[in-house]
Structures are given as C-alpha cells and as structure tokens.
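Only one chain is shown below, in structure tokens, and it's the form predicted alone.
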C-alpha cells in the first residue's frame, strides 16, 4: 500500500515526476499504459489506496496531473465511469463490484451512461416507473429512460428502477448496473433543434441484470441516486477530471498514437473561435460597441465569468461548504450561457433568426440553439436552486 496523502507539495511533485519520467513509454499499447498507471496507482490518485489510488485530495491530484503533462504522458480514461460511477462504488459498492467496474473503467475502456430520467417523471427522479422484478439470480427490467447521452455506445448503464410498488416513492427504488448490449434493450436517438442527436431514449423489454449488479441494498436506490446527484454537480468542476481521453479508444493502438489523436482534436478545438470572441465580433459588426447598455451587459458577463473561475479555484484549494460549489458552478454556467446567447442574438437584430450559411455566425447560432441544454443536463437549474436553498442554506422545503 502507498500513503501519499501526507506528502507536502514539493515531495509529491518530485515523486510524480520521477515516476512518469521512468515509466512513460509511447510505444506501449494504450491498454498496457492504462494498466501500468492503475497498477502503480498514478492514474486516479484521488481514489482510495485499496482501489488503485493514493487517497489524494483534488489539489494534490492537480499536482500529479501537471507533472504528467510536463512529461507529456497520456492521461487515464475520463468520463462518467471514473468521475461519477467510481465515487458511488466507493460508498455503496461491494468489493466484487469495485474490483470489476473500477478496473473495467480504468484499464479495459468500459463506457458508462446514466439511465435515470423518464419521459413522465422529468426531474422528479424518485417518481421512476421503470419496473424491476426479481427472477431467481437476475432481475427483469421493463420501462423506458430518456435523455441518456451515449446510450448507443456504452457497455453499462446506471439504472434506477422501482422494485416495491407498495412503499413510498423514495423507498421503493433499487439501483442497478446493467449491461447495455443485450436483446431486451433498444436505443432510439432523439433529434434536437440543433440537428444533432446526442441524446437517446432507451426502452427495456424484460432486459436482464444480475442480482450481483444491484448497487447498494434492494429498496435503497434513492440513497445511491443522491450520491450520484451530489457527484454529478461536482463533475462540472474541472478539478474532478483527470484529463485523459473521453469515450472509447483503441486499446491496441500505441499510447503515443492515442495521445497524438487527442492532441490534434484539442488543437482543432482551440483553433475554433470561442463564444466570447464570437460574441465580441457580433457586437463589433452591429456597430453597437459604444452603446452603454451593450457595454454594461458585456461587463456583467465578464464579472460572471470571473466569479465562476474564482469559485472553481477556491474548490481546489480549500474545503468548500459541502454541496455548495457544484450547484453554484452549474448555475453560473447556465446564467453565463444565457447572457451570451441573449446579447449575441439581440445585437444581430432581425438577422438573429437566421441559421446556417445565411447567419452572420453559424457557430454562434448553433451555440444559441444548444444553450437550453446547459440548464437541463445534469439537473435543471430549479433542482440546483432547491438543493442550495434546502440542503445548504437550511430554508424550508418547497411544499
């Protein structure tokens, strides 16, 4: 076992740098490099020591990431599995579940999605109607889930289903880790107003899940879901991510080639103009840059962006009030997005309704059409405000 949590920053930096300099080998296969990081506990240093981690804080993990990037090494897999499923396993999972799913996400490239929302339940997750019935050593799942990103590509889904119809709605739920690729599951893409189909509706027709893949106790699914929601809020903080590849990668490809692919994507993304720059261009084109009301709105956006950066920095260097930073960050992103969208469309005047090649900026119009999703995905703005009011500020519950 290792215990790096008591190391000072300088000692941790030296140790991480020494390890990455000695072990990074771009000729290794991507899968072999992931395995080496996991076995030596450098891939996910915030994970507990018994599960391929070092028990480090987010601030300490940032030091490790900086040294890895300085050496130029490929990072470990990122995404829902390491970011959201892992902390749920640490709190509710059995040793067998931790061993299988953590290793699968860290080394074998397993992809995971959430299967919580339903067409008739909306943000009221506790009103889930998907049915789970026990059948020997398995459960049979029937129902539907919606707004599931990546459901057509993942290996497993984190599924909330009702197992006791006589219990109050928060107490009759059970949380499952279900294999997605099986005959009883159908995934249908949902077309958005941007033209994309990034979300899906998933239909279950007597789909099977092993009793060994119930996360937490039977009927205690709401407690597991609350753990998920708490970590989902915090996942909007960049400090929660290890900085490696999102999505499925070719484990047989060399680690150096995988890193080059990721760097090319990052370079292409950075070459694209950011929303702030696109907004500045639209203001300039409109000739309203000297308008005091426009200048005031631009200043307000700058202040909001600065406050968001300071909030995220504070969460990395100090112990924030539990449950506060995630919802505040998410609400700030939603508010900043709406402000940018509204100002960009306003200064275009009648041209603001145009899209595609006719628009002054097709990239900005796409951003505007996509902007409502930021106030919905990961828990609606209303849910975030209720959480802050009730759980953080201690105000009376909403009737």
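Residue numbers count along the first chain shown, from 1. Keep in mind that this is a model prediction, so the values were computed, not measured.
The same protein has a further form, the form predicted in complex with a small molecule, not shown here; the description that follows concerns it.
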Report summary line: Of 297-305, 175-183, 108-116, 90-98, the segment with heavy atoms within 4.5 Å of the small molecule in the model of the complex is residues 108-116
Report summary line: The listed residue (66, 29, 337, 373) that reaches within 4.5 Å of the small molecule in the model of the complex by any heavy atom is 373
Report summary line: If we test each of 84, 146, 283, 259 for a heavy atom within 4.5 Å of the small molecule in the model of the complex, the one that passes is 146
Query raised in the report: Is residue 9 close to the small molecule in the model of the complex, meaning a heavy atom pair under 4.5 Å apart or at it?
Result: no
Query - Close approach of residue 21 to the small molecule in the model of the complex, 4.5 Å, heavy atom - result: no
Query raised in the report: Would residue 386 sit within 4.5 Å of the small molecule in the model of the complex, counting heavy atoms only?
Result: yes
Query raised in the report: Is residue 25 close enough to touch the small molecule in the model of the complex, meaning at least one heavy atom pair within 4.5 Å?
Result: no
